[in-house]
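This document starts with one chain, in the form predicted alone, laid out as C-alpha cells.
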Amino acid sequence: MAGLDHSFDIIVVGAGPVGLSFAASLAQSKLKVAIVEGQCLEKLANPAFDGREIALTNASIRILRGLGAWDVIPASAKSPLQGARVLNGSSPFALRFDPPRAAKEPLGVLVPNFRIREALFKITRLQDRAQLLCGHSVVDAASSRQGAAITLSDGRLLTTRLLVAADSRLSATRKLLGVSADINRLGDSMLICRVRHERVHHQIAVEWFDHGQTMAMLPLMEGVSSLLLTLRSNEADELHALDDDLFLMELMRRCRGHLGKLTLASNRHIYPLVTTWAHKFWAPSAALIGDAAIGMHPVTAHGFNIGLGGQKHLAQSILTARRDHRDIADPDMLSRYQSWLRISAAPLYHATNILVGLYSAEHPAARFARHAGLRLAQHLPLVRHGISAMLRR
C-alpha cells in the first residue's frame, strides 16, 4: 500500500459498505484515494454480526459482482427471497408480491450486513489502491472551488480535490461542510434477532403492520428467520432488557403463532430509527453518498440499494471526467449526480414516509384506510407488478 501522504485526489470519510464500494469502484483509475474511518483496522477486517440482514436487489448484486465482492460472500450467507407478504392487524388477508412466473431470478437475496462489509473490506485491501486511515475521526472540514481539507483527530491536515462523505445518516462531515438536512428522529426503535421456528417460511418475507407494532420476518436458512420488531423506543428497551425466556414468551405472544414455537438463534440488537434527507448532495469540491445523503426508513428495505446505486453513479461520473481530462470535482458533474439521485430516490423516500405514517397511526380511519389500501393493491396488477419490478431492479 502507498506510504502515508497528506494530499489526495479523493478522500472518502466512512468505511461502511457504501464508502468501501465507492473506493472499490475507483480502483481501476490512478486516482489517489484515502478512506478515513473512526473504527480500528481489526474491527473493519472482522466486523461483528450486528443483526441486520440486507435485502439486495438484483441490480445491487450486479454491482457487488462487478466489484468482485459478491463471490467473496459465503454461499451459506445468501438467502434467496422468493416473495413477500404484507399483513394488517388481525386480518387473514395478505397482499402478495412474487416474481413473474417466467422470472429466473428471485425478488432479491438476503445477506447479513456484516458479511457485505467484510467482503468489501477484503476487496479494497486486495486492490491495494486506497490508503486506509483507521482509528481517526474528522474534527474539521472545509471546501471551496479549489479543493477541500479535513483535520483528523490526531491533528493531521489532509487536502483533496474531492471530499466524499459516507459517514452515516448523522454525518459529522456533512455538518462540518455546512450542508443541512431534514433529520427525523421517529421515537421508535427496531429490535432484531434471529429465531428458529417450527413453521416453514418457504423463503417468503412477511411484513406485518399490527396495532402498536410493526413486525418483519425475513427468511434465512431452513427453519431460521430474522425477526424485526418496531416499537416505541421505551417499549423496545424494556423488551430488550428481558431475560431470554421472558423475551421469547413475549415474542411468541406478539407473533400470534405465525411461526410456531420460537427459540433464539442469535443475540439481540436494538437500533433507534432516524430518517434523513440532505438538502444538497454536493458542495464545492465535496459530495454526499449513502446514508450521509439519504437515510431511508428500513420498512421498505431499500436504503442500502439506493446508496449502492448512488455511489456507482458518482464513481462512473468521476471516471468519465478523468478519462476526458476534466475536473473530477466539476460542479456541473456534481450537480448532475445530485439531480439523478433526487429523481431516483425521492419517490420511494416520500412514499415510504407516507406508508410509515399511515401504518403507525392507530385511529379507526387509518386502520380502515390501510386495510382498504391492501385490498385495492391486490386487485390492481399494475401496482403489484410495478412494486415487484422495483424490488427486483
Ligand SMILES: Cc1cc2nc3c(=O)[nH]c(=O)nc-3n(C[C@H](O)[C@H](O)[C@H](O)COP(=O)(O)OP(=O)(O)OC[C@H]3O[C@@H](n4cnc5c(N)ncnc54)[C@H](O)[C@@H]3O)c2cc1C
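What you see is a predicted model, and the numbers here were worked out from it, not measured in a lab. Throughout, we count residues from 1 along the sequence that is shown.
As for the form predicted in complex with this ligand, it is not shown, yet the points below apply to it.
Notebook entry, point to check: Just one of S225, T160, N305, Q311 has a heavy atom within 4.5 Å of this ligand in the predicted bound form. Which one?
Noted result: Result of the distance check: N305.
Margin query: Between S335, S29, Q39, S344, only one gets a heavy atom within 4.5 angstroms of this ligand in the predicted bound form; which residue is that?
Written below: Filtering the options by heavy-atom distance leaves Q39.
Next item on the list: Please determine, with the chain shown alone, which of 242-250, 187-195, 311-319, 204-212 has non-hydrogen atoms within 4.5 Å of this ligand in the predicted bound form.
Entry: Heavy-atom contact with the partner occurs in 187-195.
Next item on the list: Check, residue by residue, if R52, G290 and P298 all come within 4.5 Å of this ligand in the predicted bound form, counting heavy atoms only.
Entry: Yes.
Notebook entry, point to check: Does V13 make contact with this ligand in the predicted bound form, using a 4.5 Å heavy atom cut-off?
Noted result: Residue-level check for V13: yes, a contact with this ligand.
Note to self: Can you work out whether A172 and this ligand are in contact in the predicted bound form, taking contact to mean some heavy atom pair no more than 4.5 Å apart?
What the structure shows: Judged by the heavy-atom cut-off of 4.5 Å, A172 is in contact with this ligand in the predicted bound form.
Next item on the list: Determine whether any heavy atom of V138 comes within 4.5 Å of a heavy atom of this ligand in the predicted bound form, and answer yes or no.
Entry: Contact check for V138: yes, within 4.5 Å of this ligand in the predicted bound form.
Check: Is the gap between V164 and this ligand in the predicted bound form 4.5 Å or less for some heavy atom pair?
Finding: Close contact is absent here: in the predicted bound form, V164 is far from this ligand, nothing within 4.5 Å, heavy atoms only.
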